[in-house]
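Next comes just one chain, in structure tokens: the form predicted alone.
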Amino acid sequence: MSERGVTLLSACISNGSFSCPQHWACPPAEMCDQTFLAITFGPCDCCSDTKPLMNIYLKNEPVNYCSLCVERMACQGLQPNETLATLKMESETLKTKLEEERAKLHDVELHQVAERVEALGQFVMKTRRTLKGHGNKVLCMDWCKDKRRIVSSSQDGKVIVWDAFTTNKEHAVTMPCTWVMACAYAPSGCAVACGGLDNKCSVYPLSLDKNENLAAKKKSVAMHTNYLSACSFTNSDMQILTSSGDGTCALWDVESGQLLQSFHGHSADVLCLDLAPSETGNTFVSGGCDKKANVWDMRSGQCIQSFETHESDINSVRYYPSGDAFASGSDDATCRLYDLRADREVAIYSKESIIFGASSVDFSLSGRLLFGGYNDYTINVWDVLKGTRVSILFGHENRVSTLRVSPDGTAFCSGSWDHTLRIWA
């Protein structure tokens, strides 16, 4: 869980273990369903004692060890003069040296280079459509490649496919669990994927018959040991990438449900992921409760770059349109830009007046604008090059939980805890 103090703990049982759907902290007196405690309790796979367990992976195989067995395993192979404390100290020293080497290449700031760039003119965007139909918090949404249809998921357990032009609902699926935190449209537009507290990623094929029972055609593709936080199809309908509260990401074959590759490197819940935009892209970026943004090679399963400059959970990551950089949004009330070629953070988008976390980010098609959805019900629009805020959009009546720019760049859609989605242009 997050390092922030969680003062209210409510448990939600899924598949015999407690699953954590979100990590928002609540005031002590506020009785709500926003904070969950993630615990697995049962027999340890090593010592067989019934204790609180940690979900870890050994050679890509999931195992449940108690904390004592994990520590024993970590101590195996230590030299006589080595302890876990000295190894941690050595690790921190190496991290510091890496940061010093990165700093030597840090010769100029992005906003200094952008001083010669012409400032943006007057910026006017307003709500053009409001999509109403969910009975609880909207948690995720995605655009279809046809630039018209949208899929959204909610805490009410429903997944809805919308026509964004007419605001009509084209399909609706009721999931077997609440808190459907992830949904994605297939590249062909012929299927949607979703999941949440059921720990699974399910794929539903879509048809022209709007009265068809989609639940009967459901295919369970992915299975994690904790809640599903995000999912995304690759460049075809045949593979899907998932991230989970179990601290891992995974690549799955949709047809067989086989695990193709697993990605281990986060030390806490993985909350978000995004695929590189290039047609042959073999990398993706993930962010999580360990404050890290990791870039992964999908072929090898290895983490090839890691960035740790945020001060709290990373809720959203999104690649720059060229694929050479990515942005992140965090509970530390900042959005940040990381250049993959420079291997460092190049910009921070923040103001002293912004004290609430950023829950979702996305770039305009040109890459000049960065849209950020915040927990104070607003959407801030940033000039990526100059680092300045160019607009604030008001309209939602609760925190903005998800935000995506349409494939043609002419509009963007935001989803909120106020149960609605809004199309802005």
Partner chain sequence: MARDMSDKELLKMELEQLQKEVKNERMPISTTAKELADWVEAHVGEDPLVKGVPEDKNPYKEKGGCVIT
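What you see is a predicted model; the values in this text were computed from it and never measured. Residue numbers count along the first chain shown, from 1.
The same protein has a further form, the form predicted together with its partner chain, not shown here; the description that follows concerns it.
The stretch from 214-222, 234-242, 162-170, 188-196 that comes within 4.5 Å of its partner chain in the predicted bound form, counting heavy atoms only, is 162-170. This chain lacks the partner; the member of Cys47, Val70, Leu365, Val63 within 4.5 angstroms of its partner chain in the predicted bound form by a non-hydrogen atom is Leu365.
Leu120 is the sole member of Leu120, Leu260, Ile348, Leu275 with a non-hydrogen atom lying within 4.5 angstroms of its partner chain in the predicted bound form. By the criterion of a heavy atom within 4.5 Å, Leu105 is counted among the residues contacting its partner chain in the predicted bound form. Contact check for Tyr319: every heavy atom lies farther than 4.5 Å from its partner chain in the predicted bound form.
Its partner chain in the predicted bound form is not approached by Thr309, whose heavy atoms all lie more than 4.5 angstroms from it.
Interface residue remark: Ile355 is not counted as part of the site for its partner chain in the predicted bound form, having no heavy atom within 4.5 Å. Although its partner chain is not shown here, in the predicted bound form the stretch 245-267 places heavy atoms of Gly245, Asp246, Thr248, His264, Gly265, His266, Ser267 within 4.5 Å of it, in sequence order.
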